[in-house]
Ligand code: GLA
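Let's start with one chain on its own, the form predicted on its own, as structure tokens.
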Amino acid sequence: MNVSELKSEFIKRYGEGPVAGFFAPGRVNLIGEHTDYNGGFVFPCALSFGNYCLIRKTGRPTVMFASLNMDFEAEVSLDNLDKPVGKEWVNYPIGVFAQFLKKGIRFTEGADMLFYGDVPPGAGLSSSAAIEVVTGVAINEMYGVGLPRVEIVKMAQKAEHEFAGVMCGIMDQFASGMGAKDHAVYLNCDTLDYELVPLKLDGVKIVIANTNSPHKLDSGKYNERVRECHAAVDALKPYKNIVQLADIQVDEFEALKDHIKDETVMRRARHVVTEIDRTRRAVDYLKEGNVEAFGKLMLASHHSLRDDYEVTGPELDAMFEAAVKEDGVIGTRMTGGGFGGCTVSLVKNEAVDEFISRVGAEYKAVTGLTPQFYVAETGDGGKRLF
């Protein structure tokens, strides 16, 4: 749906008058999975699809929330913008309003808001972060708040914690807010220091494969992994003064891992520590133009996510196994929170069409599900469109 169609839909729903439009992208993470809430490094890029927010301030003391993707609509009083509405999608934008209220910002005017997303929901490409960030960017500008973009990113993460119940790291919201076309974001999730690294993938495409087995972060498995990582830190603290798993190097972990008596907790920690190391090395390889070495680290990442972190599942593993057999595949791995969702692959240009055909057919034969493929185009972070 293009911008003029979105404007028409807004006017059809809310009537004639001025309207502003904002956009924030989804993201795909090239490497560095489940490291963000452990203070480690991640390497995502913003995508060309995401979530749109059309907004008009009104004289009413309420905010209207509607979506072209969801049937549920809500009218929420300005006094209730800090309270969830059941388990509905509107909690994502309401949660962002709540963060502004926490900062002492008071709204004296309501608004009509219409959302539309072209991120496949449940694919693990951060549709939730995109709606949070686009809401924050829209509120910040329309109400003249003037907060810096990084602050909007942090508030979007808080909204996810408090209104969706997912104790996510900062990666998704940061990529959606701070990404740039033709670049990936090399982010230290502890300090929020970041570098926009040019994606030098000469002759290579990024191909996203949606398993169409939706991931469900609210299932509790994601939060369970967070707790297991905290347990690993507690077990290691008497032997090394750390506050998070990013504070320990691979060789140090190998020397101390036997102090983690729970085998499952040890494996969770081993994934995080080695994944942080893989991410550092992968970015160095990309800067050197060594895409083949980058791809090998993607394979190792998937193995670790499958065997140590146990967040892949049969569909993601079936997609991975189909992909690694194909000529022209430089690297492939699951991406996102896991438990369904997407893989991301680096595929030579001349092999992309056959990759999509053959991998899609094998995956369907194994799982009975029909996948979707996207040749990824990078995009900019959250912004005003009109």
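Since the structure is predicted, the reported quantities are computational estimates derived from the model, not experimental observations. Note that residue numbering follows the sequence shown and begins at 1.
Note that the form predicted in complex with this ligand isn't included here; everything after this is about it.
Here is the short version: of Met298, Leu114, Leu316, Met171, the single residue with a heavy atom within 4.5 Å of this ligand in the model of the complex is Met171.
In summary, among the residues Tyr186, Phe163, Tyr222, Phe253, the only one with a non-hydrogen atom within 4.5 Å of this ligand in the model of the complex is Tyr222. Shown alone here, Gly32 lies within 4.5 Å of this ligand in the model of the complex, counting heavy atoms only.
In the model of the complex, Gly39 stays away from this ligand, with no heavy atom inside 4.5 Å. Gly336 belongs to the set of residues with a heavy atom inside 4.5 Å of this ligand in the model of the complex.
Across the options 144 to 152, 200 to 208, 171 to 179, 236 to 244, residues that bring heavy atoms within 4.5 Å of this ligand in the model of the complex belong to 171 to 179. Although this ligand is not shown here, in the model of the complex the stretch 103 to 118 places no heavy atom of any residue within 4.5 Å of it.
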